[in-house]
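Shown next as structure tokens: one chain only, the form predicted alone.
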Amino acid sequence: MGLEIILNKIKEYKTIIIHGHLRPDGDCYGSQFGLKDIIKSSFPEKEVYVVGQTSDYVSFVGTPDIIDDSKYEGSLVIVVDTATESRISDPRYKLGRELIKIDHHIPVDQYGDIIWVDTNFPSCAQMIAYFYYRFKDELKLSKTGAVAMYTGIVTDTGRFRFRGVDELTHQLAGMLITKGVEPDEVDFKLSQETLDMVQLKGKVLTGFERSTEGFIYFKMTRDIIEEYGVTDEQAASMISVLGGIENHPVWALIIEYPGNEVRVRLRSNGPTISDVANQFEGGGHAKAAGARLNSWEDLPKLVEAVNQRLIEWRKSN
């Protein structure tokens, strides 16, 4: 779609409210706060708000605003980094006059009056950075927004290690550095771990399970989360601990949230697994997806589905 349409809508509205997804990660925060800074720096007279849940992990990027319902009257709502409408944080996104969706995931719900979805971008924060770059003669950006977007790019690309990182990714990251980002400072903030987190990492490395076909997974139950005194967000970050183990190209962290909600964080450095996630009320990228189990009793079905995918993948390779 023409990005000029989005820019013109931003120019048109006095109040703009930016939503993300439930349990926000670095890319969600980077997209939200990066876009807020671009709009506010470029058009100081506008009211721009970021709403939704908080994230301790990337809290240095910004703090969501607390606003009344009345702010939505006649407003433009922008939802970033959220493929599924049910995962939008704060249901008031429906109260605005118009809705723009900006996302880099495989489309699930076609919500929004204006939609910019491009799965070629490895992070939504890179999309926002590209939006700024595209109109840099008209727009402004401060160090605060640059740090937000750089953080989003770094976290969603595994610090530039994941598939999808290309020349444009590095070009835009370099542009953000020229705006004041100190890469070592961002890396230091993202690398900090509590003693509880280090001990939990040991638990994950010694307690994961393996399937017959090379699927590694760890069951992060409420008991474990409470025993180690970590937040749900910190527990979910343990997905990275299981990646890169030889002969185990697919891995997952299965997390039990309050209310008996069981979510799956599924990753691969081999076969496509997004369609496997689709079988379990999920979706995402080809090799990084999320899903949901109705209960722990559904876990064997997930393991079998991943096993089947691994068998098919090995036959085709």
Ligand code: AMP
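Residue positions are given as counts along the sequence shown, with the first one as 1. A quick note: this is a predicted structure, and the numbers were derived from the prediction, not measured.
Note that the form predicted in complex with adenosine monophosphate isn't included here; everything after this is about it.
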| property | result |
| --- | --- |
| Which of 64-72, 50-58, 29-37, 258-266 sits within 4.5 Å of adenosine monophosphate in the predicted complex, heavy atom basis | 258-266 |
| In the predicted complex, the one of Q234, T84, S211, T169 near adenosine monophosphate [non-hydrogen atom within 4.5 angstroms] | T84 |
| Position in contact with adenosine monophosphate when the complex is considered in the predicted complex, options H105, R92, K201, K219, heavy atoms within 4.5 Å | H105 |
| Interface membership of G283, adenosine monophosphate in the predicted complex, 4.5 Å heavy atom rule | yes |
| Exercise: G290 in contact with adenosine monophosphate in the predicted complex, heavy atom 4.5 Å | yes |
